[in-house]
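Have a look below at one chain only, the form predicted on its own, in structure tokens format.
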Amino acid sequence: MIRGMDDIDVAIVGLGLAGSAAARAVSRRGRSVAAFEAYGPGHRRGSSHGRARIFRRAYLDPLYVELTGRAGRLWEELGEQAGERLLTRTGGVDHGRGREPERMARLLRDHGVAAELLDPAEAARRWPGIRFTGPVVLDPEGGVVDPEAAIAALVRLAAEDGAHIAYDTPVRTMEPDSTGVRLRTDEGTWHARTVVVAAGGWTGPLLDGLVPLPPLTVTRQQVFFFAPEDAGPWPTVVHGETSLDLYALPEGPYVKLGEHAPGPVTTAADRDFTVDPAARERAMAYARTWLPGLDPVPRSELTCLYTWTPDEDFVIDRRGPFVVCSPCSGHGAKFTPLLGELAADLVDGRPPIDRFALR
């Protein structure tokens, strides 16, 4: 039960993927933890709902290739501890000039990934539902993670380690003092020596006046679900042939398709759940041209939030008693268990990864 005032080592604000991973990692290290989520389990107001996100090693940036390797090992460990498969290795394909297949294949091999560089005929033979016009990189370590199952597992493991979990409990104010931060909720007041803010699109408003953040732009993103014409296995796909990067991945009986590009600007508090008809038409046109193995009429659609930084890097750093854990720009889900460890490292006083540091 939440009492009038509790004193703890660490408070976690937000129980999406990053926050639940932080709650588990910090509580596992023996700290007293209370984690607060403004909405109920599995809510659809943020960035972590749904049953599938891409896991891939295939980046053109050596830092992220290295970090995905660490994250992949932690996903496997988490699955063993949770007693369920949270990462399914489907293989991942990248193609299109914007993906620089030859350079990407070399970079992956340099990091120990057994990547293949395929010509379009061979790629089409393996995946007849996808159209290819140039070289294709196969990342054999790529796959799909289940965010809702991962959150449930992380929260359960954190609670088993003693963390207090509070859903439907928004943090109303955070007031630093000489020994930490006082957090006020509708149910009571807590005092924490450190606060990890992992609140996605709510991060900017929560930390306004407390921590100097880079510009964070919240956008409404849209994804569409198409039915395959046959039940053959689908890899994850990232395609950079056009001015946009598009991605596709299996989710249940469907293939989910979306654009990796900023959607309409919004706020976490004021966003709506409307799907732009023009985005739907673009998705249908793309499916007709590049994914002939799909019925080009979407069976369902939904929206979520991205929180973008100017350079698409993450923000994971500490200022005073506040740890900012914002895996921004729509590519953080694959790093989930690693994000928790990085946040816990900052709680323990270790330095951040330089690229993710506040300036």
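As the structure is a prediction and not an experimental result, all values here were calculated from the model. One-based numbering along the sequence shown.
What comes next is about the form predicted in complex with a small molecule, which is not displayed.
- Message: Only one of 58, 291, 54, 315 gets a heavy atom within 4.5 Å of the small molecule in the predicted bound form. Which one?
- Response: Filtering the options by heavy-atom distance leaves 54.
- Message: Please identify the residue among 255, 246, 223, 71 with any heavy atom within 4.5 Å of the small molecule in the predicted bound form.
- Response: Contact check passes for 223.
- Residues in which of 201 to 209, 127 to 135, 78 to 86, 275 to 283 have heavy atoms within 4.5 Å of the small molecule in the predicted bound form? Selected range: 201 to 209.
- Given that the partner is absent here, does residue 27 sit within 4.5 Å of the small molecule in the predicted bound form, heavy atoms only? Output for residue 27 is no: heavy atoms all beyond 4.5 Å of the small molecule.
- Query: Is residue 171 close enough to touch the small molecule in the predicted bound form, meaning at least one heavy atom pair within 4.5 Å?
  - Reply: Yes, residue 171 lies within 4.5 Å of the small molecule in the predicted bound form.
- May I ask you to state whether residue 304 is within 4.5 Å of the small molecule in the predicted bound form, using heavy atom distances? Close contact exists here: in the predicted bound form, residue 304 approaches the small molecule to within 4.5 Å, heavy atoms only.
- Task: Using a 4.5 Å heavy atom cut-off, state whether residue 38 contacts the small molecule in the predicted bound form.
- Result: Within the cut-off, so yes.
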